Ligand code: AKB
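In structure tokens, the next block holds one chain alone, the form predicted alone.
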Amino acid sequence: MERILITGALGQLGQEFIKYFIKNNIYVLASDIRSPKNKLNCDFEVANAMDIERLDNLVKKYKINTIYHLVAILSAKGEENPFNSWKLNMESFQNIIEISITNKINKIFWPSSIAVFGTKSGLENVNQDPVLNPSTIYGISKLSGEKLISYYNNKFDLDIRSLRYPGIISFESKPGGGTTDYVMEMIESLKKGENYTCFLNKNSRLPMLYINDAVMGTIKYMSTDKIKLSVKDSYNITGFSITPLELFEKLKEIGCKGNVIYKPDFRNKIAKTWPKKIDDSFAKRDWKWKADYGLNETLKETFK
């Protein structure tokens, strides 16, 4: 029986994974550096992912055999303090690997990101194995993690898996500090009839993924027999690509009243180094990945 530890469980992805596992009667221990504001329907422990002894004790106490390690400082936030971002993103990952080796953990999930790509990656439509030259400390840490996944899986016969998430759109669980956060911010402002100041250029095209696809795709991937997986570090996945202007026009179409003012800042420079589209054909071939939500389906969920 699977017994799952989620680190960084109060973040955007973690909250949705908790809902899925509870609904499907899978044991989950949630952990984060802070206590939840609302009661969770699962066991919860306050734990700093930098504290390897604390994590090791939790794994032993709760007989954990699968870990979803979601702790990270994201792209825009990471640029404010790159030294701290590197330390948290990489040392917490290393802690999880050490604990997994010691405790014979069956499977580990660690999310990567489109931040691993860069100006040499062929940004019009990035394939599975392009040149990777990230421009942010977040992207550099994710690329380093991808390389370590391949190394540790080979050296210690682990089963660490990873997906390169594009911008994830969700409304119940909010993101924090990402370059693609404008999507949720614009939608929420215009729904109220308020104006929104966008930090990206109106034509900055980026790939997105609705939260339901992110969660169900990850579950399907984690359930796939390891022998079928040809990618040994991190798979590309995507839903749809959009610009701020296209989103604004779609919101006007469905009756939103607010306006958008474009004031690009440092996040727009980051966006210029990220893909406009992503080729996820390897994921489609190897484990039958398929996104069910395009822009229209995502907005229907938003305006229910």
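These figures come from a predicted structure and were not determined experimentally. Throughout, we count residues from 1 along the sequence that is shown.
The discussion below concerns the form predicted together with ligand AKB, not included here.
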Ligand AKB in the predicted bound form: contacted by all of L74, Y165 and T179, heavy atom 4.5 Å: yes
Ligand AKB contact at V183 in the predicted bound form, heavy atom, 4.5 Å: no
Contact flag, I96 vs ligand AKB in the predicted bound form, heavy atom cut 4.5 Å: no
Partner contact for Y138 in the predicted bound form: ligand AKB, 4.5 angstroms, heavy atom: yes
Contact of I114 with ligand AKB in the predicted bound form (heavy atom, 4.5 Å): yes
Proximity to ligand AKB in the predicted bound form (heavy atom, within 4.5 Å), stretch among 229-237, 149-157, 101-109, 74-82: 74-82
Residues in 273-292 close to ligand AKB in the predicted bound form, defined by a heavy atom within 4.5 Å, in order: W274
